[in-house]
Each structure stands twice: as structure tokens, then as C-alpha cells.
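Just the one chain here, the form predicted alone, laid out as C-alpha cells.
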Amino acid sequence: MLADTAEKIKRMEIRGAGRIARAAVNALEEYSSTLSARTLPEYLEKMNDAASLLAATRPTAVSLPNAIRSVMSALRLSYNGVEEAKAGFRERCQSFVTGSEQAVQRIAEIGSRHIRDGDVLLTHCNSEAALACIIEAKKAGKEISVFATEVRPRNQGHLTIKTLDRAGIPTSFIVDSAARYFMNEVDLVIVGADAVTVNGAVVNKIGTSQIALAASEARTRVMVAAETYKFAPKTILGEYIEIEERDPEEILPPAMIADLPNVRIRNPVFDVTPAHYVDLIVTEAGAIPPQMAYIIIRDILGWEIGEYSGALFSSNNEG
């Protein structure tokens, strides 16, 4: 399951920052439960290797390393043997997955309060948290409608419109480049995030920054829905979040690429939306202006910050 999950995350068969985080944690828990190790140091070494394998699959979505560090922190405790370590790790993994699912529901409850009856919304990509806010507003009896983008090149918008359709929400499906054309009809842009930096900038699916720019021009509000484990502690130290570029064959078929020797295809998956284009970030801990992102990192993720200069985890166990 471990290698299979890593490959599915890498190939984007598992998509969405929260889904990726939960899939990685579930894979680590399953790997731990079936791992044969005679000694505690051997078990810890193999677990660290497994965690490193998963963490390397998607460089931009900080939910992945944050989730891995969260559950691997259980292995910093002292254990009397392998089975006791496995039990402690299992408990931490189950707690993380449950907490992640509850976070989405809490975000939905908070975010839906910022959606007004009669609002026209626009969403980009296939954010579990953003869609949860929209669906919760619908459940609350608010009459809303949505513009949903296509999201080239992987067409995540197809998943979004299916979800909105099942929820009975009137939806207009548009190509990405039509977002500015329709922006004056939109009351609120709501998107998810793959990472939030210490200064409140939001890393999300490519095209988000252009939508936010168009929203700013039209004086349309922009709300980001993001679990706290999507905030990036490393940015406190001035480190940049790597923007992943994927295979050119996601853009054009190989035969066409071969016929264009002078053409270089660029396929960045994410872009960075500056904090001043974002009105509100909704987390399970509450709704904050982007300028308060540091508070989330300090007060909620602060216990992890010291780990970022070393390995995925360290252990107090000697054997």
C-alpha cells in the first residue's frame, strides 16, 4: 500500500491537499502495522524511510509533510519495544485522520456564515474545504449559485461540478480564461489552498492568482478555506515553497510535442496569490485575515517548527 499510495499521489490519482494528507497517514499506519522489525531502532529507521518516500511525492502541498511530521512525532516518545511503538503510532494516525475530517466540517460551518443568501460564488479547482463551505450554505437554506472553472490541464473542475450538481446547487461551468469575463457577476470567490505562508500568501492551483487579481479589480471578496496543517512553518525562516512543474504531456500529446522542436512546454501546477488579494482565510480554528497567518503557525503549529531543520522525526529511543 505504501508504494502504491506514493505513486498515486505523484500521478495525481489522489488529489486535494487534505485527501493527500489523509492518504499518506493511512498508508504509513498500514505500513507500520505490517512491518517486520526485530528491534526498535530497525523499526524507526524503516518508518523514517517510508515517511521520506511519501514526503517526496508532491513538493508544493505542505499538508503532506505537515501531516507526516505530525504522526511521526509519536515516534519521538520512549517505547519499550516495537509493538508498543506501533500502538502509539496507530493511535496518532487515527487521531490525525479523524481530526482532519472534523476540520473540514468545522471550516464548512464557519465558512458558510460568510456566504450570504443570494450570493453568486466562483470556485477554482476541487477543494474539499471550499466545496464544504458552499454545500453547508446550501443546507442552511441559502439560495446560491456557483461559477466553476474547468481547471486545465487536469480538469479538476469536472469533479467540482459533479459534487455541486449532487448537492442541487445551480452551477455555470466555464473555462479558466473566462473568469474575468464573469467576475462582475460574482459576489464571493472561494478557493482552497495547498499552502499558506507566514505572510498570508496562498499557494493554490495554477490560475488562482489571476482569479484573485480579477476579483480585486471587480471589488469581489476572496475567501480561502484551509485546514491549519496547510500553513507552512518553514516560511518563517524565509524559505520559499517550491512550485511543482509537471510533465509536458499533461498539456500536449507526445506526438505533437515531437513535431515542435522549438517549443518548450511549461506546466506549473500552482501559483502564489499575494495576501493583499485575500480578504479572509477560514480555518477550523476560526476565520482570520491573511496577515494573521503567523498566529496559526505560532500557536497551533509552533510545536513543529523546530523540526524543520532536521529529519522528518527524531527519537528518544535508544533500543
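Counting begins at 1, following the sequence as shown. The structure presented is a predicted model; accordingly, all values stated were derived computationally and were not measured.
Keep in mind that the form predicted together with a small molecule is missing from the display, and what follows is about it.
*Would the small molecule be touched by all three of S127, G192 and F270 in the model of the complex, meaning a heavy atom each within 4.5 Å?*
Yes, the whole candidate spot contacts the small molecule.
*Would you point out which of 202 to 210, 167 to 175, 233 to 241, 136 to 144 contains residues with a non-hydrogen atom within 4.5 Å of the small molecule in the model of the complex?*
The contacting stretch here is 202 to 210.
*Though the small molecule is not shown, can you say which of Q156, S112, S216, S73 has a heavy atom within 4.5 Å of it in the model of the complex?*
Partner contact (heavy atom, 4.5 Å) among the options: Q156.
*asked:* Residue-level question: is I296 within 4.5 Å of the small molecule in the model of the complex, judged on heavy atoms?
replied: Looking in the model of the complex, residue contacts with the small molecule do not include I296, since no heavy atom lies within 4.5 Å.
*Considering only heavy atoms, tell me if M12 and the small molecule come within 4.5 Å of each other in the model of the complex.*
Yes - in the model of the complex, heavy atoms of M12 and the small molecule come within 4.5 Å of each other.
*Decide whether A17 counts as a contact residue for the small molecule in the model of the complex under a heavy atom distance cut-off of 4.5 Å.*
It does: once the small molecule is placed as it appears in the model of the complex, A17 has a heavy atom within 4.5 Å of it.
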